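Okay, here we've got a single chain as structure tokens, the form predicted on its own, with questions on binding and movement later.
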Amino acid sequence: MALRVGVVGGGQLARMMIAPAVELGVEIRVLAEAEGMSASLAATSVGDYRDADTVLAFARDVDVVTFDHEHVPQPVLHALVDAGVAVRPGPDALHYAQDKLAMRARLDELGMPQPDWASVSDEDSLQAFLDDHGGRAVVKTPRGGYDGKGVRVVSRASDAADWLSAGAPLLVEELVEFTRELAQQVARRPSGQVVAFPVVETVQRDGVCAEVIAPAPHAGDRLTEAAARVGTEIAEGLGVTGMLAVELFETTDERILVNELAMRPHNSGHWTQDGAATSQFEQHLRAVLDLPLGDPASRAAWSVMVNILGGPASDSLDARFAAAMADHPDAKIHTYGKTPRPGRKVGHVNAVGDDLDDVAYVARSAAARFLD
């Protein structure tokens, strides 16, 4: 009988696990939030991931449960564990991806490099932090934020008055002076094996990842080794199983600081589909099934991933395939089965090769064919 992986969440990350699952002979089942989602090809159930009975019924016939996102509530996760289901990553690890205040406190305990931060519950404590950090800071809602949501740069405490009025503590961080953003991905098996992918540079636009360059240009041995060490120590310290993405700042004084964590495949790793010996999606399946991990090394000197954000307003993504493929037959186009909408991630393009300028041109130009 084939190994069976149940994925909670029907988005594009679950969709991109389907092909490697087929190649590995793994049966993949998906609990989608609604009909017609990105991973509908493998959606065996549709239901509310916040309902324990729904998730338990879905998990009954799989060998391991994993996730397309980190939003499954802790009581549901613990209900799965109590029922004897293998949950990877488990609730204790996911707690740190779900709660940024808990994450910051735990990373301090692990000695990880990160921005100065504090938990604030009123305008006085926020203003005190601002006064100690040059008059500007980043305020985040501890739960639920992604792609720039739940993040605000403030210069006075009243800028966050609406969030503070909700009565829950907020996370405030120093406004880091950084030269660029990086991401370090690692995979970890329950039995302890860990492998690190090359550190990459990520380019954000309006709080959303727009491009990824792998490996990060001008990343010497010191940076590469430090990023891999940080990723590995976080995976081990938090008990992560599966893929972990550590978003990093590279500062003007050549330090790296941890920004965010994701315990699943991540946008910063989409380049691995065509640029690495083992994609992040295959690696995640191997890891959660406790199978030997694949080689994470790059297959070419450079890989560039460009997100297709929004898509065309005048027609469908399908209508643009022919032109993009004719212009750039060496580009690899990945779409998510989503309806175009301003700002929405509807696909991405990968390109690989020996010359970074050429590779970036191919990925950007092919992606642009899907925009008006």
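Throughout, we count residues from 1 along the sequence that is shown. For clarity, every value in this text was computed on a predicted model and none was experimentally measured.
This protein has a second form, the form predicted together with another copy of the chain, left out of what is shown; the following refers to that one.
- Stretch 325-333 is the answer when you ask which of 51-59, 65-73, 29-37, 325-333 has residues with heavy atoms within 4.5 Å of another copy of the chain in the predicted bound form.
- A residue is said to contact a partner when one of its heavy atoms sits within 4.5 Å of a partner heavy atom; residue 274 meets this definition for another copy of the chain in the predicted bound form.
- Taking non-hydrogen atoms only, residue 46 never approaches another copy of the chain to within 4.5 angstroms in the predicted bound form.
- Taking the partner from elsewhere, residue 299 is found to have a heavy atom lying within 4.5 Å of another copy of the chain in the predicted bound form.
- Within this chain, residue 16 lines the site of another copy of the chain in the predicted bound form, having a heavy atom no more than 4.5 Å away.
- For the options 286, 88, 266, 104, the residue carrying a heavy atom within 4.5 angstroms of another copy of the chain in the predicted bound form is 286.
- Between the options 294, 150, 115, 237, the residue in contact with another copy of the chain in the predicted bound form by a heavy atom within 4.5 angstroms is 294.
- In the predicted bound form, not one residue of 85-100 has a heavy atom within 4.5 Å of another copy of the chain.
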